[in-house]
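This text opens with one protein chain seen in two forms, each one given by itself as structure tokens under the names structure 1 and structure 2.
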Structure 1
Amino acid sequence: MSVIAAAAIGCRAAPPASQAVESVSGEVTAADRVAAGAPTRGGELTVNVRAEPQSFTWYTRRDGTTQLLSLLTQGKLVRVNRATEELEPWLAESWTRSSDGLRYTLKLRPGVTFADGRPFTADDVVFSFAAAYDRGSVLADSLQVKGARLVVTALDPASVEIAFPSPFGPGVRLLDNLPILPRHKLQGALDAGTFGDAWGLSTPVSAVTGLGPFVLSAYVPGQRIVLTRNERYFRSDAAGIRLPYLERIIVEIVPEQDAQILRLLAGQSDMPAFEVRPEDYAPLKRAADAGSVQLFDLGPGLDADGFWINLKPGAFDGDPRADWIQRDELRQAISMAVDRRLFADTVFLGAATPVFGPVTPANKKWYSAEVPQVEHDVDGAKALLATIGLVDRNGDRLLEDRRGNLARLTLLTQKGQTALERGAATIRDELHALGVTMDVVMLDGNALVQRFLSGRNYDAVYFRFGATDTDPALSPDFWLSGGSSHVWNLAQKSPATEWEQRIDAAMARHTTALDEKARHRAFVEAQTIFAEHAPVVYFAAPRVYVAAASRVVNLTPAVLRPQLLWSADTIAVAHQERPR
């Protein structure tokens, strides 16, 4: 597994959470820990997000703010350490695998309770899998192997057996996808067929409980979410201090990125929840040099913004563009027409790496130089479009089809996300040179997601989906034709195209092989097929910069979102009050 290195700019590395402190008397006091530079309990953290959560449970919504709340309030059986990529025991303290690789027996950590005091048992694990496979859940794809579900059995209150339908390369690593939910709170909704609506935003926060380091204590729509320490959280540091260190986290909803940075620089917040923009680097670097801010350069990102055209069958029935808008040649020509180096310089101010597919060079284990890369070639793109009847018929450089319809599309992107706004504008301008007209329409994030999830009422989208793990086998929702994040044609009952069927087959081999070389060969094949048909076109992966106030200590940055808050239970603050 690759190790993701985080280079800190303008700050010193914080002491590790495991640092033990001894006093002369043998009793560790808060003063001893402060003197030794170790984190202490207390204080609050103010975090900015750009959008409302869509739910209080990640089972039913996959937006970034809902994911953040899930990480803060829920626990998992195992955890992938996002800084080291290593698998760690969490609610399950150990596990064993059968000789055939099909069954895992997990021993649960004893004495763990939910935030409301109810004991955590194997029944909660069985229930969580049942809820994940419910039709109201979006997690089912990520918890299947070759399209088949896992079978989970409670052996006794403290142990479970998980049976896989076939060998699975990543093993129990896939359990990092599953937050464990309380059976005593949600069994009724599952039995009634209303689980998809459970724990929506109208749910009283007092009704939501979990096994994570924090609990919801207040939600003011459009303004903030307040989380307080879970006093029953199961973890302690090496010195025996109960985690989390923080007393409270305030998640403020601040839609504008400029406003988020201004709040950080003014000492009104402690960090944006996610990465900052390249244009924010200069003012943040000055603040880092002055000692008021920490700025981390995590290198190229694992995710790139993607452009796709609606490929759902029937989406353009009756549309005069139906003959060509879903053709592979159109997407291939767009990929050829955009100068990726120019794109990186224009959209990300040079702080980006040109990319040609969904796997970026940051994913050192699964990125492959064998996957085809297209050359920037406007003339070649025009020739390719001519093969599907799009040519300049009037000498004005605008392409038309055989019926005289302009080669024109509407591109949707997220309003207020400046990299997406600049990216969409750059695609529009590059395609203008090709003779294709692109109208850019910007929507609020949640409205945009709902629009393309409908599967019909859009032409094209420019947007980003964040990976939750570097192992491709844990992103079947994107790669497989039946996946809920297979954005160009969501949740197909059977593969709509021959090439998607071949990707499904390659991913099945990649997923079930236990030999790493065999897994690599199969995934190169899947990526190669993807590159040939370009269902999503990628242009550049930005460098990942994250920032936090200097008073925030014990940070462990990682390139995956949320880059700082993935390990929120070990974050601390040096002062109770935020400096003004």
Structure 2
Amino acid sequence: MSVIAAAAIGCRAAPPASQAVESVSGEVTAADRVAAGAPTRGGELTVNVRAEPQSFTWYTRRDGTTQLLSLLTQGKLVRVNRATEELEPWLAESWTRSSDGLRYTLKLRPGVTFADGRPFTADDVVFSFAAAYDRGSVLADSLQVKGARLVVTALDPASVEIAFPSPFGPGVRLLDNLPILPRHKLQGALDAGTFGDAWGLSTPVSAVTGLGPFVLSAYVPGQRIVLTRNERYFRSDAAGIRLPYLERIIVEIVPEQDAQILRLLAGQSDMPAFEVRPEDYAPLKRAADAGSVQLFDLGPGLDADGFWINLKPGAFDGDPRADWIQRDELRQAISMAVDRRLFADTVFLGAATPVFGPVTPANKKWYSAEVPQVEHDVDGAKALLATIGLVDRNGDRLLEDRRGNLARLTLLTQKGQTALERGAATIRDELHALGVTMDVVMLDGNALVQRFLSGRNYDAVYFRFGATDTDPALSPDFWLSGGSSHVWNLAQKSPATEWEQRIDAAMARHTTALDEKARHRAFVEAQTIFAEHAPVVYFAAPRVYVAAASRVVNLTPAVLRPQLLWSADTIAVAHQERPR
């Protein structure tokens, strides 16, 4: 499990949340808890993010800061424990599944109230689903199974029934993506058709309420968001102390990553909200050795940068390269030609693990050693390219096709992302040794995404997508041919190739099977087909490092973002003044 793999480097490891202080009879004072090394209430945490939030609700925007605020201020029915990957009861204290696997009955936790004091009931759950399926929401896609919506019914104020259109392997794990909204605050906007604009940044923070551990108390554009403890939060620790421990979280907007690290090192912040870069490792390690910072190596990440070629049918009509550019052999040869160890060392300064598919070893449950891996073999790659007519015809060490045209393509990547820039340069150099000429063009993120979403005017892309869950059934947009993240040929009406059809079928079995072993078999099959045809080629998954000031305790790091703040309600600070 990720949390076990996580190691605090150079400094004492924070006790995991599961080791919360045990209940004892009699009065336990804060001083006793401090003496016992247990977290106590109080104190504030300063967190750095790079960008402003785009909204106060995750329903309408998908940026990292909005997600973080949603996590801190809203509650969910169930929670995926990022450290153990297990599903935990949250606002729903229990659930049962019908024998046909189509209906789940969830019993809601009694006595829970929103931060403004209004009780949480089944009506809020029904309302939240209605809001998620509204035109103004961006959550609708992630709450569908086989393209159909879930049907939610309030059985009584304390229980709901959720009907799935077909059996769904992950079951209610899907609900980890759905923050529960207060019906009494937002029903009007939903009825008026303005839900898409609700809880925008111009909303007074006092109007935003939720079931999360914190409430918004101030937003200063360009500077910070201040969150204070939700005194009505429903959770307590094992000793009965009401959570969250922290009095206040200050989210400071610091766009420059170097400045974020300097602030951490100078004691002016407690943590960057997300992972640090490989180049930040050395100064943080020194600080960790000196005891001022905790540095966690969480092992390889869940995401790897991917390389793909435009496989949209007709994308190269009239192009002299049309005979070979979309052939499987080209991608397979590229996969063989790149030395993944060298790639990891060059691009990620050694802090990466070679990978061969979209599922990295960080995904303990779904990573499989049965999936074929590609050996580094330049000669083998040349032989493969020869089968599609790409050989050196004039002795210049560069490959030409049957018509004598140079084997040349343009690789697009994102400007300003050092890992992507270095990765693209390494691919270019490795392919040059193979005889394939690659021109690297860097675009800003927005332009790059727009280019490949259009499916036109590009040869190849090198880019990274962030995982939101480890269960592959919750990423149908990537795996299924009709998916909106099926990047090499987006949103197909019907599978363009026979092998994509087979992946669709395997993923359908994986998604609908209720038996874990059957799900696993189906997913190995999907990954094997993927590996054979290599629509996206992966080279290395960077290791994930996160850092926090040493005064922050009770951290439970996990590889999924936000690596530390996913369990913000149990984070505490040692009661010492932070140097200013």
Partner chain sequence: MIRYLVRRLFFALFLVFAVSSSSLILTRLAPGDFVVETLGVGVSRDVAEQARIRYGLDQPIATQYGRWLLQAARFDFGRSLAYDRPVADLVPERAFNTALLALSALLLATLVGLPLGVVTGTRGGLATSVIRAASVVLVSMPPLLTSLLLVFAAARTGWLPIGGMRSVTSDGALLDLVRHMIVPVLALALPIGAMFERLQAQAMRQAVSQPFVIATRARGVSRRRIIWRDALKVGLRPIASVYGLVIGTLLSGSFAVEIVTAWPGLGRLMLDALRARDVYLVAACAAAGSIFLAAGTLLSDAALVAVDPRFSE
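Numbers follow structure 1, counted from its first residue as 1. Nothing here was measured: the structure is a model prediction, and the numbers come from that model. Here the rigid core means the biggest group of C-alpha atoms that line up within 1.5 Å when the two forms are laid on top of each other.
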| property | result |
| --- | --- |
| Between structure 1 and structure 2, the form predicted alone | 1 |
| Co-assignment to one rigid part between structure 1 and structure 2, residue 500 and residue 348 | yes |
| Turn angle in ° for the smaller rigid piece between structure 1 and structure 2 | 20 |
| Rigid core superposed, the C-alpha shift at residue 375 between structure 1 and structure 2 in Å | 8.4 |
